[in-house]
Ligand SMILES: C[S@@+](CC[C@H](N)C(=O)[O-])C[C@H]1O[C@@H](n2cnc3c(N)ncnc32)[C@H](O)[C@@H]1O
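Given next, in structure tokens, is a single chain: the form predicted alone.
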């Protein structure tokens, strides 16, 4: 197999082609287009194995063990939600608007992608990373450690639906909760179904976590309510009903993506 032939194979992968090329070869995809030199046998074998796993529905990020997010590359694997580009809108808002020296919770933290990006760009802040999954928390610890951020973060196992009495006062809650509803769960692509059910399913109407956080967080803020949620593209109206006066912002595809709640306690 030549690199030119490999290029044709990779292009068949669709939207993931450029990322796959980088993962496999650490080269850009256009570089391969006219390269007639032979692909090393071990690389060709790795490619064949990867393609088989992709066709079996395994997410690309699980195969390679990490996912790009904001300006980080985070460890990622089976048992944890894969960081997505959509969530970067939440991070950008937090970096711009968190008060000075803010202590924020990354609630349902997963890989710790939100905390890692915010802490990296806002060295005045500190984080409380919370998730119900031991696997997710292990990834959070690894990812924060990778960027030398563990001294400004506490990582704690926490069930959103349990008592909040043990949580300290916060300046903000940043949260990408499970928000897929019952009907949409049935229609998920095979590769998304490989991600943890508990990180995807938000209840029959997809709103269980929003209701719980809005209720349980009352009285938990040091300087007035400040919550930034990621939301599904079709959930803006529901969030406006749950928290009148909230602000909805769109992502770069012009889909509703984050809900911002500010107020006095």
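Keep in mind that what you see is a predicted model, and the values were worked out from it rather than measured. Positions refer to the first chain, counted from 1.
Same protein, other form: the form predicted together with the ligand, not shown, and the subject of what follows.
* Though the ligand is not shown, can you say which of 192, 132, 167, 95 has a heavy atom within 4.5 Å of it in the model of the complex? -> None of the other options qualify; the answer is 132.
* To do: Could you check which residue among 58, 35, 208, 198 gets a heavy atom within 4.5 Å of the ligand in the model of the complex?
  => Contact residue from the list: 198.
* the ligand isn't shown here, but in the model of the complex, which of 157-165, 116-124, 184-192, 143-151 has heavy atoms within 4.5 Å of it? -> Of the options given, it is 157-165.
* **residue 105 within 4.5 Å of the ligand in the model of the complex, heavy atoms** => Contact check for residue 105: no, nothing within 4.5 Å of the ligand in the model of the complex.
* Asked: Could you tell me if residue 72 has a non-hydrogen atom within 4.5 Å of the ligand in the model of the complex?
  -> Residue 72: no, not in contact with the ligand in the model of the complex.
* Using a 4.5 Å heavy atom cut-off, state whether residue 172 contacts the ligand in the model of the complex. => Residue-level check for residue 172: no, no contact with the ligand.
* Asked: Within a 4.5 Å heavy atom cut-off, is residue 81 in contact with the ligand in the model of the complex?
  -> Flag for residue 81 set to yes.
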